[in-house]
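Consider the single chain below, provided in C-alpha cells and representing the form predicted alone.
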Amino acid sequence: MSTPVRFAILSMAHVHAPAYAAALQALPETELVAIWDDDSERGLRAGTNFGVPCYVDLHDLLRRDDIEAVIITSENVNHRDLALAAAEAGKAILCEKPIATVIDDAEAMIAAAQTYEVILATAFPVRHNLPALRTREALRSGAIGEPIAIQATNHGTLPPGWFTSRDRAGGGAVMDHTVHVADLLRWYLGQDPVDVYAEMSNRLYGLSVEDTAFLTLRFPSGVVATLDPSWSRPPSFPTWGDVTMEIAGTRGTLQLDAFAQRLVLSPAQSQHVEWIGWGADMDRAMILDFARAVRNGTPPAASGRDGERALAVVAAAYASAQSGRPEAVAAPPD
C-alpha cells in the first residue's frame, strides 16, 4: 500500500471506538486524521487523547477531500443517518455491529453505498481472530466431516450507558451479542439459517431490555445451532466475555475458544484474576483488511450485506420471543 488511507471516526459513543482509533494510529497503512462527535465534550476529549481535530459539525468533516474512509462507532440507532451522509460524501464506510437496529435501515445503507459507489463494510472482527480462522479452515477441509450440530456462546458483562437503552441500542443482549456468532455461522456453513426460536428474559438486572437469552437456529443443510448471547458474566469476571463453539460432525468434533490465547495473572494486590491476551490483534487485522479494500478496490472481509444478514437473525429472534414459536429469517431482496 503506497500511502496510508486517511480515516475519520464518527462518534466515540461505542466502547470499541478507542481501540479502533488506537489501531488506526498503530498501523502504517492507516492514518487517523479527524473525529466527529455529537457529544462535544466526549469528542474533544478523544481528539486530545489521539492528537487529532474533533468536529461538532458532521458536514464540515465530510467536506474534507483528504478523508477517504470513516468508521462509524455511534449508538446503534444512528448508524443509518451517519452512513447515508458519509456515502453521499464519497467516503468508504466501516460500520460497527449491528449494522443497524432494523432491516429497513440496513437496506437503506446498502442502497446508498451502491448509489454513491463506496465500500460499506461491517465490523465483524472475530472473522480476523486466528482461532476462528483456523476453525473455518478445518471445517472447509472436511476435518470433522459434515457438520451436524453446533453449540455456541457469546457471553458478556453488562455494558455501560446507552447499550441498555432500547431507543438507542435497539434491544439488549440479543441485539448486542447475537450478530458475531450469527456471522461466524453463516461464514462457516456458507448458508443463512431458515428460522430461529428464541427465549429471552431480563431477570438478571431487571432492565427494560433482555439480559439473558437462548437461541436455536436451523439451517437448510439440517445443521442445528444453539447460541447463548447473555450478559451473564459478573463484574468480577476477568474479561468482557467470550466467543466459543463446539461443532459436532459426521467424523468428529471441533472446539473453538476464540480468546483462549491468554495469560492468567493472579496479582497479590488484587482479589481478581486477570486475563492478558497474547494473540494477534483482531481489531488491527480487520481495519487493515478494510484499508486494503479501500486502496485496492477489493471486497472487505464482511460486507454491508453480511451485516444485514446477521441482523436478520436478530430480527427473527425478537419475533420468536414475542410469538413463542420459531420465526423465519427474512431472505435478502433480489
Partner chain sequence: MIRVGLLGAGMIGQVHADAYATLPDVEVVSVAGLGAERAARLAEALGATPTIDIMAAAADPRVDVVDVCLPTALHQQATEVAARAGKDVICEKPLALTLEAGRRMIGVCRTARVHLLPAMVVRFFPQYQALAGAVRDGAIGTPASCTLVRQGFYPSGSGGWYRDESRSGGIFLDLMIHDFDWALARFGPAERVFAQLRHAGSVPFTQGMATVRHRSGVLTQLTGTWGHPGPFTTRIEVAGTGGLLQYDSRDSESLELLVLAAPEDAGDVPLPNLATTDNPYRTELLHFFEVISGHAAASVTAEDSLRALALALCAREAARTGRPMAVPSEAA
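Positions refer to the first chain, counted from 1. For clarity, every value in this text was computed on a predicted model and none was experimentally measured.
Heads up, the form predicted in complex with the partner chain isn't pictured, but that's what we're talking about next.
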Review point. Is there a heavy atom of residue 232 no more than 4.5 Å from a heavy atom of the partner chain in the predicted bound form?
Key: yes
Point to revise | Distance check, residue 187 to the partner chain in the predicted bound form, heavy atom within 4.5 Å | key: no
Exercise for review: Examine residue 134 and determine whether its closest non-hydrogen atom to the partner chain in the predicted bound form is within 4.5 angstroms.
Suggested key: no
Practice item. State yes or no: in the predicted bound form, is some non-hydrogen atom of residue 138 no more than 4.5 angstroms from a non-hydrogen atom of the partner chain? Key: no
Practice item. Tell me, out of 191, 165, 239, 255, which residue has a non-hydrogen atom within 4.5 angstroms of the partner chain in the predicted bound form. Key: 255
Check your understanding: Which residue, 151, 261, 78, 157, has a heavy atom that falls within 4.5 Å of the partner chain in the predicted bound form?
Key -> 151
Check your understanding: Looking at the partner chain in the predicted bound form, do all three of 27, 59 and 63 come within 4.5 Å of it through at least one heavy atom?
Key -> no
Review point. Just one stretch in 67 to 75, 203 to 211, 172 to 180, 90 to 98 has heavy atoms within 4.5 Å of the partner chain in the predicted bound form, so which one is it?
Key: 203 to 211
Check your understanding: Going through 303 to 327 from first to last, which residues have a non-hydrogen atom within 4.5 Å of the partner chain in the predicted bound form?
Key -> 324, 325, 326
